[in-house]
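Take a look at this one chain, the form predicted on its own, written out in structure tokens.
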């Protein structure tokens, strides 16, 4: 069935036909049946086409809610890719995204539309959500546009941190999403009786599992209210009260829940699947989950944003000691993983190298960034016979004796914080905008899972004041947790900032 689809929004058509009166998506204040979701999306899709969007990217700038999902579907009905933007995104960052993206329009609400008056929109129209879903449906117009989509066209563009201070728009195609959710639904046995609890922000690609897993199976998707991530000890009760069967969360949330010891107090008889991805899951807390809920399936999934959510998985089949590495496993369907050594030869079993990915889930590249794309998306050096697109992840890995892939860390200075990918260079670019700062260096303190910002300046700075200024340029999850002001940052012989010396200072001085 899935192989015949040209657009992932066809999954909504199928779900509405099979499960029309069943609740498909819900948030803290509203819920939509599959039929109603489709109706609203068709209304908004009709409006987009009449506004002359012509398949251009559309930014969805709304509070996290069912309205976002309606808007994503509407953009696909109009023939173009959607671009999720966080509700609290710094306007300067949004302005950079708009400059790179050149969107056809921005779907937002009245309050955020007013805030947009202060930035350059590049001619993009601003549409108010309530107005877009209030018009009439013209199915002939919508399906005329939709029928022209091919499955290698973009479905979404998600912006990640860029080393130059400019966000990069990872562009993924419909085929990648369709193949991915076909695989996840069959591998983990999702059905229309399941209830998924969404944790991931919609600008984070883990949410693809939740949204499209719901559409392809007829399962119910519940968007977890934000307050439960402030008081994460309440999450088990939320899962119980809503009959949740499946979660796909970042390890940070799972760690906090485990450490709260609420898992031992709350019975979760309906929870069947606990999936996690986005950063390394510590075995200590994983074992706490497994002991409290021994009948669940646990799976460690792996994949950078440049892949359609994930490209490998490992179903945890035993208890791991705290010091043991947890495998990222084997390739998902329609994906192939290759580990290359420094000479672009395939690494031998047990030999560390760069993990590279081939298959339908590999992104199309970075939007409007052909040079950046050419560096990361390359011809497979092991294939001299025909063009074969490969993504070089920058992650170091090796194949263990059991054939499972083991993750070893980053090749560069890119890190993961609470499931969000962060380029330290973007933090540094933002910090260079501060007054009386001569130079900066952001260092990741892996032992304490935090970012430390070093400033070269004679000024007097406080972390709280610095972070208040940095919020103008970068999201909250990228803010440093510690600050060190120095009259002169150490340099190497070739006049680069000496990151190794700064790292040693962290270990020796315990900032």
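Positions refer to the first chain, counted from 1. Everything numeric in this text was worked out from a predicted model, so none of it was measured.
What follows is about the form predicted together with a small molecule, which we do not show.
The listed set 328, 195, 101, 258 contains one residue whose heavy atoms approach the small molecule in the predicted complex to within 4.5 Å, identified as 328. When the small molecule is considered in the predicted complex, only one residue from 373, 108, 305, 217 comes within 4.5 Å through any heavy atom, namely 305. Stretch 294 to 302 is the contacting one of 87 to 95, 294 to 302, 133 to 141, 428 to 436, since its residues have non-hydrogen atoms within 4.5 Å of the small molecule in the predicted complex. Mapping the unseen interface onto this chain, residue 280 counts among the residues with a heavy atom inside 4.5 Å of the small molecule in the predicted complex. Taking the partner from the other structure, the small molecule in the predicted complex has a heavy atom within 4.5 Å of a heavy atom of residue 421. Contact annotation: residue 179 falls outside 4.5 Å of the small molecule in the predicted complex, judged by heavy atom distances. Contact check for residue 82: every heavy atom lies farther than 4.5 Å from the small molecule in the predicted complex.
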